[in-house]
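For reference, the chain that follows is the form predicted on its own, supplied as C-alpha cells.
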C-alpha cells in the first residue's frame, strides 16, 4: 500500500465548529473523528485519512474571516499590486474569496469570487462583486466559462488543500485558464510545518498539506508547471506557487523553483523516514507543553488562551487541555465570542485589554500572528506578562 500512516492525533472535533452553551451540555453528541495523517510513497502527498464532507465544514455559519487580521490584509494588498504590475490580467478569479480581503483591491468588473460559505459570499455580493456561492468543481468552471469565457489569472489561498478531489480541482482550472493564463496558489508550507513541529496545521479542513514536490507531481498530469515560488511568513510559513501552462514559453522559469524542490528533497520530504521522525517530535512536544502548563498551575498563575483558532483546537484536544488548564480564550471574531472551544469546556470571551492584562500567561493559539500580537500587547509584556507557545518547541517567552 502506497499510503503510510505516520501521525495519530487522536479523536478530534470539527476544528471550526464552536459550541453554543446549549450544545456544550450535549457534548456526547459532538461529532469527532480520528485525526490520522499519512504519506503517499508514489505521489509524495501528505493527507488526512478521514475526510469530512464539505457541507459539514463550509456552510452558512463558517466563522473564519481573513479580513480580521492586519497581517492578512497587508499580504493581500501587496499581492494585488504585484498581480496588476506583473501580469495585468483583464479578468481574475479567486477560488475561496472568504469575506473579500483580496478582491476589494480590484475593480468590480475585473474579478470573480467563488465562495461556498453563504455567510461570506453575502459579504462580497453586498460589496457589489460577482460572487458564485458554490463549491469549486468542474460543473462550476463550465458555468463560469460559458458566461465569461477564459480567465487570465486564477488565484487561491488556503483553499485547494481543503478539497478532497484534487484531480477535479485542476481539471476545472485547466478548463477555465486562458492559453497564456497564470495560476497562483498559496498554502501552508509542508517543509515549515515539519521543521517547526507545527502539528496543529493538521485538522479536518486541511485534507492536504502541499510540498512543492507533491504539487509538482500533480501539475505534471495537467501539463502545468511552476515558473516561480515565493516564501511567505503568513500562517507560520507558506509558499506562493506561480503556475503556467507548459506550452506557454513566453514566461521564463525562475531559479526559485529548482531551489525550493532541491531544498525539500535535501530535507527528505520525499521519504517516509522524515515523517516518522516528525511523529516522535510531536509526541515530545505534547509532553513538554503539558509539563509547562502543570508547573504554572502549581503556582496558581492564570493562563488565558489568545486566539480561538482552528489550530488551537488540535492542540487542546491532542494534549487534553481543559478550562482547568486555560481559564478562557480571548478572540476578536464576533462568530466565536460567547461560544466554547470545540471538544473542550473553554469559553471564548470578547477580546479586551483588561482580560489580557489580568492574565499571567497568554497561550498563543494564533502563534502564526506572533509579531502582530507582540506589537499589540506591548503593555502586557512591559508589565511582566509572558506567552506560552509550542512552536518550534514548547516554551515560555
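Residue numbers count along the first chain shown, from 1. This structure is a prediction, so every number in the text was calculated from the model and none was measured.
In what follows, reference is made to the form predicted in complex with a small molecule, a form of this protein that is not presented.
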item	value
The unique member of 309, 211, 92, 124 whose heavy atoms fall within 4.5 Å of the small molecule in the predicted bound form	309
In the predicted bound form, the one of 332, 61, 41, 358 near the small molecule [non-hydrogen atom within 4.5 angstroms]	332
Close approach of residue 328 to the small molecule in the predicted bound form, 4.5 Å, heavy atom	no
4.5 Å heavy atom contact, residue 363 to the small molecule in the predicted bound form	no
Contact of residue 69 with the small molecule in the predicted bound form (heavy atom, 4.5 Å)	yes
The small molecule contact in the predicted bound form: residue 14, any heavy atom under 4.5 Å	no
Which of 249-257, 136-144, 309-317, 287-295 lines the interface with the small molecule in the predicted bound form (heavy atom within 4.5 Å)	309-317
